[in-house]
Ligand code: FUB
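What follows is one chain in structure tokens, specifically the form predicted alone.
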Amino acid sequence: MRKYGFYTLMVVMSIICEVGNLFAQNPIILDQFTADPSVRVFDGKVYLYPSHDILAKPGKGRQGWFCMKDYHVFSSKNLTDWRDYGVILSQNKVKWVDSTLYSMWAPDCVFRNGKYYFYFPAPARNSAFGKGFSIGVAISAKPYGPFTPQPEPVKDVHGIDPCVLMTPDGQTYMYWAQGKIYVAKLKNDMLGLATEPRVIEGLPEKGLIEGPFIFERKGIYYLTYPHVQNQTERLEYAMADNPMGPFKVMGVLMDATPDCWTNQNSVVKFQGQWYLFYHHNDLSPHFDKNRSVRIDSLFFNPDSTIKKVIPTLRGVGITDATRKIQIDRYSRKSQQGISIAFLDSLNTFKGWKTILSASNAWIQYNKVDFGGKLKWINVKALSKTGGVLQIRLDKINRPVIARIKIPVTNTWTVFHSPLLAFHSGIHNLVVQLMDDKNVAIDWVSFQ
């Protein structure tokens, strides 16, 4: 009894230590809404600069519409663990911004001249800056701030969704959207335009087009952008051998979905692999103005065109087996007997649960690092019928490494059982229901 009690205490301590961490599955940020991801690599880390969706309230934003008052920044060394540095810039800290409109939209950040330049669109309160959105700049000595905004926006730039490209020869260009996509060279101080704005020709003429993000690979410039061909945005791309074009539209980067009206992306190479960051309304399925950032791997064809990215729940990165493995962010599942639901429909930030409801129903979660010697499996579950789970590695037809009996319980409880076998290394995790019962699972971990 003493040994069993000590083990239970260790499980509880492990759970407590993990509170507040952000995990790798899609969406990658679970404690707030994030959208319009701009991603950069600085000093071996990935930095995520998204816009920050919140719900509008009377007198604070336009209800039923996009509402954003500030920006956060997040970083990761492995695309699995994300650190939130908090608010780096707020609308009420920028003199020229009309802070009554709550419209701090899609930003970008680049490093040059020993400083970090954060570009952001917002509506100006001074008519001298022109109607609609202007684009401002805030500067910091660190990629995570604090950022100091310039007293005025960039002159002669009106629009949204700034993106700054730094070419291999040291030139810098800014792209933005205002009905069409514009480009201009930036001055060396990164605060003003060195050339007149120029429309990028050859892009779709019909339907909304916005959110430009451009990157270079092997001398080719890829301009990506959201485009509403029908009713919701899909991600498309064009290619050129010059950052100012002419660009040739190549096709679809990611298909539109009926669930979320918008999508916006950035593309980054990290540790030898290319990734697409984008957003969806995972945490707000009934209101698509509150969005959440996702990541999936991106690949190129031999002719340098981009393979269409198929969105996943699993996302990218490797999950440590001793962490809470959210199997509801699955890689594969059986055709019947599996459903996913929110843990709390009134507080979606709590995440999801997996419900197994048929004999031999199974769910698979890829890329789990089992590291050194592990002896126990922990499952946080709830079941009004009770049930028996079997755990396999890699595929559903592989040998069983654990069986765990879930008794009848009306409250979420952590159950644990010894492993029948152990295999180190990186494996896929498969959880299977053995009887025709009903078991809900919050997470799985190993000890």
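Position 1 is the first residue in the sequence shown; the rest follow in order. Bear in mind that the values here come from a model prediction, so they are computed numbers and not experimental data.
If you look for the form predicted in complex with the ligand, you will not find it shown, but the lines that follow are about it.
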Identify, from the list D282, E210, E236, D328, the residue with a heavy atom within 4.5 Å of the ligand in the predicted bound form.
E210
Counting only heavy atoms and a 4.5 Å cutoff, which of 342 to 350, 144 to 152, 199 to 207, 259 to 267 contacts the ligand in the predicted bound form?
259 to 267
With the partner left out of view, is A381 within 4.5 angstroms of the ligand in the predicted bound form by any non-hydrogen atom?
no
Would A106 sit within 4.5 Å of the ligand in the predicted bound form, counting heavy atoms only?
yes
Does at least one non-hydrogen atom of I160 fall within 4.5 angstroms of the ligand in the predicted bound form?
yes
Y47 near the ligand in the predicted bound form, any heavy atom under 4.5 Å?
no
Does any residue in 64 to 89 get within 4.5 Å of the ligand in the predicted bound form, counting heavy atoms only, and if so which ones?
F66, M68
